[in-house]
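What follows is a single chain, given as structure tokens, in the form predicted alone.
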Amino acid sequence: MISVDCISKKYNKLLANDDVSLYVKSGELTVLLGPNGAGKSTLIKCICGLLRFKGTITIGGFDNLTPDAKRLLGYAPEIPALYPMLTVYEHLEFIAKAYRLKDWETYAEELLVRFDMSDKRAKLGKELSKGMQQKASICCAVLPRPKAVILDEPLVGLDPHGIREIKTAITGLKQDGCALLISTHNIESVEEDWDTTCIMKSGKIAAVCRRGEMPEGKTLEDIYFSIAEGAV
């Protein structure tokens, strides 16, 4: 569903992504795992069409910059970008109009209930806490029922209840056949549901791990720290 082929991205002399390739299948969760500065967020922004890059990215077979690709993709950035003077529900209305959705109201109400935000529907974006902004951003990302969803550090700033709700939502999206790509530097946040983990370091994918195909006696944590700390 999400195909990334030989992506490179430079900021002046800094090579943030260096010939990166990966593929995210429908119904699977692929994790970008790595320390801060590894190039995870840059890669995600390239996939979402927010940065120029060298290489090829397709979503559902469509070039990632085309309207057809964008209709298939939901994205929640690490730092929520809500409109300060729109309410939570007005954000959902905005997304519904932008995607020309029909009969979206029932699903919008379900999302507000799922993320425990029904009582925040009339709150302005500027009045929400970081955690509430994150949950509102994810609601907007999944309202169009996309076939692929990208979440950049989705659990940062959330309380335990919010973390549980988003993990439940991630599980539900997988079960619905959605292709999921999640960026994080926290191994514990993804240890339950991941199918493939791409460990990034210095702009490259240093290792690709598949659940059920791990080296004998090795955990994801073992492999991550051997790479992050430069051990063999």
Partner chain sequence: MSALWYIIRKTFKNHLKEIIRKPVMLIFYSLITLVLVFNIIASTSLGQDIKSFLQLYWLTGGIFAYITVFIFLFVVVTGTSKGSSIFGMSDVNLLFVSPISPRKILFYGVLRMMRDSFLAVVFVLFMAVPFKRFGVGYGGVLLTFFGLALSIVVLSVVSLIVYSATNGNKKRKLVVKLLFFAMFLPAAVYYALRFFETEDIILSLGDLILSPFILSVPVAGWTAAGVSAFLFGDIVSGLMFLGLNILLGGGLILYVIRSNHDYYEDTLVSAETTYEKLRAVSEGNINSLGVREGKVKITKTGVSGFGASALFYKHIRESFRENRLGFLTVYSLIIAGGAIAVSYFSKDLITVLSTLVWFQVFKVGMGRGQRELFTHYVYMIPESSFRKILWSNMEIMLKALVESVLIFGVSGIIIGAGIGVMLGCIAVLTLFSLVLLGMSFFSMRFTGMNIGKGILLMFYFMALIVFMAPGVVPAFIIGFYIGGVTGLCIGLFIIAAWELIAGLILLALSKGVLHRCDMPTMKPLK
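Positions refer to the first chain, counted from 1. Being a predicted model, the structure only gives us computed values, none of them experimental.
One more form of this protein, predicted in complex with its partner chain, exists but is not displayed; see below.
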(request) Kindly confirm or deny that 182, 192 and 227 each have some heavy atom within 4.5 angstroms of its partner chain in the predicted complex. (result) no
(message) Partner absent here, but in the predicted complex, which of 170 to 178, 62 to 70, 33 to 41, 200 to 208 has residues with a heavy atom within 4.5 Å of its partner chain?
(response) 62 to 70
(request) Indicate whether residue 90 is a 4.5 Å heavy atom neighbour of its partner chain in the predicted complex. (result) yes
(message) in the predicted complex, is there a heavy atom of its partner chain that lies within 4.5 Å of any heavy atom of residue 127, even though the partner is absent here?
(response) yes
(message) Quick check on residue 145: any heavy atom within 4.5 Å of its partner chain in the predicted complex?
(response) no
(message) Under a 4.5 Å heavy atom criterion, is residue 187 part of the interface with its partner chain in the predicted complex?
(response) no
(request) Residue by residue through 169 to 188, tell me which have a non-hydrogen atom within 4.5 angstroms of its partner chain in the predicted complex. (result) none
